[in-house]
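What follows is one chain in structure tokens, specifically the form predicted on its own.
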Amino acid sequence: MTTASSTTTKSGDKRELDRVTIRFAGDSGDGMQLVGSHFTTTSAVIGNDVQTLPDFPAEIRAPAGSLPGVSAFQISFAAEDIFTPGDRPDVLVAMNPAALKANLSELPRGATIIVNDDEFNKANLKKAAYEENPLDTDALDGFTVHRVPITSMTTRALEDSDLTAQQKARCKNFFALGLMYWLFDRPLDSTLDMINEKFATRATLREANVAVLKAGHAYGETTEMFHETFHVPPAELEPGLYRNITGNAATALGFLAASQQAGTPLFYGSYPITPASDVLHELARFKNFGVKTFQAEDEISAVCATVGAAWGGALALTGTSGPGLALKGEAVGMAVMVELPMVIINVQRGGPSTGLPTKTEQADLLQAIYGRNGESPLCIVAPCTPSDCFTMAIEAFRIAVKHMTPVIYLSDGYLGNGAEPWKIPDVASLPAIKVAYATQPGEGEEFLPYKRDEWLARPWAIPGTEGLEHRIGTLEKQDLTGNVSYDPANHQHMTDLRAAKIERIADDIPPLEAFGGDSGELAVVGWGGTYGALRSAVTRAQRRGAKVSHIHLRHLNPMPKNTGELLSRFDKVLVAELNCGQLRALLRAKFLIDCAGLNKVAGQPFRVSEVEAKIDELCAGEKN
């Protein structure tokens, strides 16, 4: 077996490794996401740093055993701080021929392949477009292949169970999980606890899953197929209380925390859409914290209800992906016009239109900035890791409330579905969010709904408050009074004011920082979920002596005030993003910097090796 890092010690039949990347792959009904999640949780519990990459089909139910129906879950776990789920898996667990065929090209030579030998029958081979069984040919030469009869061993472990044959077969994912736990020295405890809790009132299913998990583990112990096991020791993480968290779960908790920090109820209006639906599922669990979730009949209803909630004084939140953001455009423009604080989540996916619903992309940046009619500027923030989703969710509402503006929160499918250990913060360390509603004017004074403070923010007036009556709607407002106005000079003035308000937010966000020095041969610039691949590639290049730095934007509109000045200190600038060059176009237009681009729209994140190759190309050109 090869791994992503070198062997450090070897004792008997147990080898100690620095890092391992495993991919579980099978039919969409084989429970690969479930076993991957359990392996992730167990690895996190014993102290490894972990990063994950779930990959599942867009079809609700593709034909069983077919290539379009392959579902996979990749996890990288390590004894050191890591930033990505690994470029290529060291181990592939393939539950059927389609899973093998769909993932074989991703494996490095020398990788280990564990296959469910029982499923490599004539019918399944045909579904995967194999003319002959690859296990019986030289197709897998160069790999270490273990043929394990997972289905039949599962059935044997459940001989005395009252489950049907079909139900027994569905337990085979836990056999594979038990085997992998043994092979990589993982304890069974956390998974056994989960099974006992989940099936507390269903004894037959509880006993079956426990039996199969233990059978897989025992198979590893007793078979002579595996000559050694592997151990990845705990990572030296910063002391604290950790939990494993996905980006979407962190997003939900971040907005819940913002509500608590503001002392204001949270309203979430949403229409289900992949990959943002999990945010709705998570927030619906927190009714005891005053969270109100509204599943609307469509995207337009969801965003209009959210505008109404903002007008009513709630922390107003709506969520979607790229196609839904397009539908929300007019109502978001209304929120810009009436200058109400609200946040719009966009967990980006591959496009255009319905596109690649379960794959990641970063192609909605220009849509977020310009995708509304008229001049309708708003603020845009973007988290960079699954755990950073929590931080930037709070930041989104801090800005929205303080500056009385809609804020777009740009996550993506890679972040939303990916997971990592998250150090649970001390509540006292969270930023305060001050909500100050307008109060009645003094005697003889007139309430001016568009009178502005030093940040150009207007008052937040709750409807029904005596003395605060004013017009609300989508027609242009007269300065100060908020009355409807068609005056050309006023429209120019209000357009300029709304733009100036957004630009002034740059005075309220931290300056941009460079990892590796604030000058040099090359700056690698990114935003959103590319962070891990870029940071890893830059770190490797620095170890080779390259004068390269990593700059990552989390505030995209406005950008930090020092952005142009910082970028100008580098001989070359490389902008890496999962689109065709949207941030690069913005940086060129705004700062007149001739950036190079590294762009990918394959529905998959960058590999570290891809970024490394581009860094080496540009640095070699600099030397020449």
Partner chain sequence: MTPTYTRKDFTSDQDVRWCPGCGDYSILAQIQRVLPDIGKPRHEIAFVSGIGCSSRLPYYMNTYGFHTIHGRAPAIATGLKSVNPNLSVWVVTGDGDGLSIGGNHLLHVMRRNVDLNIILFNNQIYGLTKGQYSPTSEFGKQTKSSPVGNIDHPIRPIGVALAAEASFVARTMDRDTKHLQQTLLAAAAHKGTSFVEVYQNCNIFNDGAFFPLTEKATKADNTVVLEHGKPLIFGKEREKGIRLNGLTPEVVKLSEVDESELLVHDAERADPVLAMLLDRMTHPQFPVPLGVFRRVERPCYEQLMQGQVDRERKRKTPDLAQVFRRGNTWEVTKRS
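Computed from a predicted model, the values in this text were never measured in an experiment. Positions refer to the first chain, counted from 1.
Not on display, but discussed next: the form predicted in complex with the partner chain.
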- Message: Taking a heavy atom within 4.5 Å as contact, would all three of 234, 294 and 297 count as contacting the partner chain in the predicted complex?
- Response: yes
- Note on the structure: Interface check vs the partner chain in the predicted complex: of 434, 451, 544, 287, the one with a heavy atom inside 4.5 Å is 287
- Query: Out of 114, 111, 381, 79, which one falls within 4.5 Å of the partner chain in the predicted complex, going by heavy atoms?
  - Reply: 79
- For the chain shown here without its partner, which stretch in 546-554, 267-275, 214-222, 133-141 has non-hydrogen atoms within 4.5 angstroms of the partner chain in the predicted complex? 267-275
- Is residue 238 a contact residue for the partner chain in the predicted complex, using a 4.5 Å heavy atom cut-off? yes
- Query: So, in the predicted complex, is residue 504 in contact with the partner chain at a 4.5 angstroms heavy atom limit?
  - Reply: no
- Item | Contact of residue 206 with the partner chain in the predicted complex (heavy atom, 4.5 Å) | no
- Considering only heavy atoms, tell me if residue 305 and the partner chain come within 4.5 Å of each other in the predicted complex. yes
- Task: Enumerate the residues of 27-44 that have a non-hydrogen atom within 4.5 Å of the partner chain in the predicted complex, in sequence order, or give none.
- Result: 41, 44
